[in-house]
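Below you will find one chain, with nothing else, as structure tokens; this is the form predicted alone, and questions on how it binds or moves follow later.
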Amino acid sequence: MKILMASSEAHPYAKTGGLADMVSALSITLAKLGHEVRIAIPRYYGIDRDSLAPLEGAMGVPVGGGEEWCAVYTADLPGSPPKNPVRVCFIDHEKFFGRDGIYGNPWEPDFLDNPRRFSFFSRAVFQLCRKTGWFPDLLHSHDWPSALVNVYLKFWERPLGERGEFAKTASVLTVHNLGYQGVYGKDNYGCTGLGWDVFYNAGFEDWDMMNILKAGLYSADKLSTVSPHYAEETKTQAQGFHLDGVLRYRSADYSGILNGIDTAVWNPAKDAYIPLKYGISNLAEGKARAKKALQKEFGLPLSAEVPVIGMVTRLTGQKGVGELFGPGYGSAWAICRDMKIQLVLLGSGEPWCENEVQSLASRLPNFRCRIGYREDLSHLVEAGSDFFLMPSRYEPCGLNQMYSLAYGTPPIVRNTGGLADTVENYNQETGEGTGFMFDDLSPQAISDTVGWAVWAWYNQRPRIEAMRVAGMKKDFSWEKSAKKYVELYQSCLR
């Protein structure tokens, strides 16, 4: 099968979150399964042209207001199979993508011309196929920045009939986070180059605004999201971000497929970032060495007995940081004051929360934080922590809880989205389970569940060790997920 991924991000070239990891990891795994896969992404300012191979000649892209011209560069995706490499095609347009930031920057969090930028990119995907003479069986787009690919396919390319090169091409749109939809004023619609009949027929209309993701959801042949539980949640008013009606309408074509993790990178038996590589056979020694290194790194007292609770997170409302760190009502202060624990945090995000966690760290002897992100430190937190805390408001898939399970670190999570699909709640009567879960997102619920885990640490340690082993035995490899995508693609083509 010939598959083209259209995405605004792909690791290691452009990344703001899990989208980039998913696109690259899924593409590599599909290639290993024998499929011919290509990825189309913009060439942002931070992607060095000198490391890429140019395609000869400029490429014209018809958009609203005329035609834009661009260059195309290519490279083989690192980590893809040598005999069947994933080719990455970079759409190079200096005016649209030659700037700092993918969707915005600190001075302009959401670029005003994003509708034009990503309309151009989505249209360029089809011109890229014409330029290279390579036409996919399946177009797989991701989130709102490439959702227009589905609209162009349905309302522009397929109406050409058998004389069109995409007459038999099917489309899948994956929603990674329904909270981001690409909603802009209707005055931006002209940049798509589509007629106003399409505006209404494709479902762009959204309370007198233009909703790009909504149009993609109506236009794609099949829809998916990144976990089965999140697929059900997004069909409810509570977590549907006012698109729940669209997803219920398309429920027969909508499925949840759990993301995998890169087991070549997130694997304690291969991890170069931790003091001692370990597996189930030397779990206790490996965890103890990592815990000691983690305590040293964060300036905490070296203690094997006191449990370390780790966090690697974006400090945003989605991640439950208000209920945990909110000044005057968050539970972090009471947790650190009343429980014999150590708490470490690596992350960045909303300024109020960055300021608050730094203030807490200055006043609490058993809480330490690092603002920012470091790949090596994120691995050490996963390996050296005794528990991993994720009190998310919603979590489409989540990766850190899977990393934690792979590293023998029981997660403490809210019962939502992909967390519910990957963590089995602890049963203190039987000892079964892989983590600790709570339902209500409240400071009290977080505190109670952390307290439950800490109680089990001090009173049921053998069962904690059994939970570690049970988590490490779970299979979160991408091959399992990729095969489900192949089934989705085949049903789509049928």
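As the structure is a prediction and not an experimental result, all values here were calculated from the model. A residue's number is simply how far along the shown sequence it sits, counting from 1.
Note that the form predicted together with a small molecule isn't included here; everything after this is about it.
In the predicted complex, no heavy atom of Arg289 sits within 4.5 Å of the small molecule. By the criterion of a heavy atom within 4.5 Å, Gly347 is counted among the residues contacting the small molecule in the predicted complex. Although the partner is absent here, Trp196 sits far enough away that none of its heavy atoms falls within 4.5 Å of the small molecule in the predicted complex. The small molecule in the predicted complex comes within 4.5 Å of a heavy atom belonging to Leu399. Residues with any non-hydrogen atom within 4.5 angstroms of the small molecule in the predicted complex fall in just one of 367-375, 106-114, 126-134, 409-417: 367-375. Thr313 is the sole member of Ser331, Gln342, Ser171, Thr313 with a non-hydrogen atom within 4.5 Å of the small molecule in the predicted complex. The contact with the small molecule in the predicted complex, taken as any heavy atom within 4.5 Å, belongs to Tyr403 out of Phe97, Tyr403, Phe204, Tyr254.
Each of Asp21, Gln318 and Glu395 places at least one heavy atom within 4.5 Å of the small molecule in the predicted complex.
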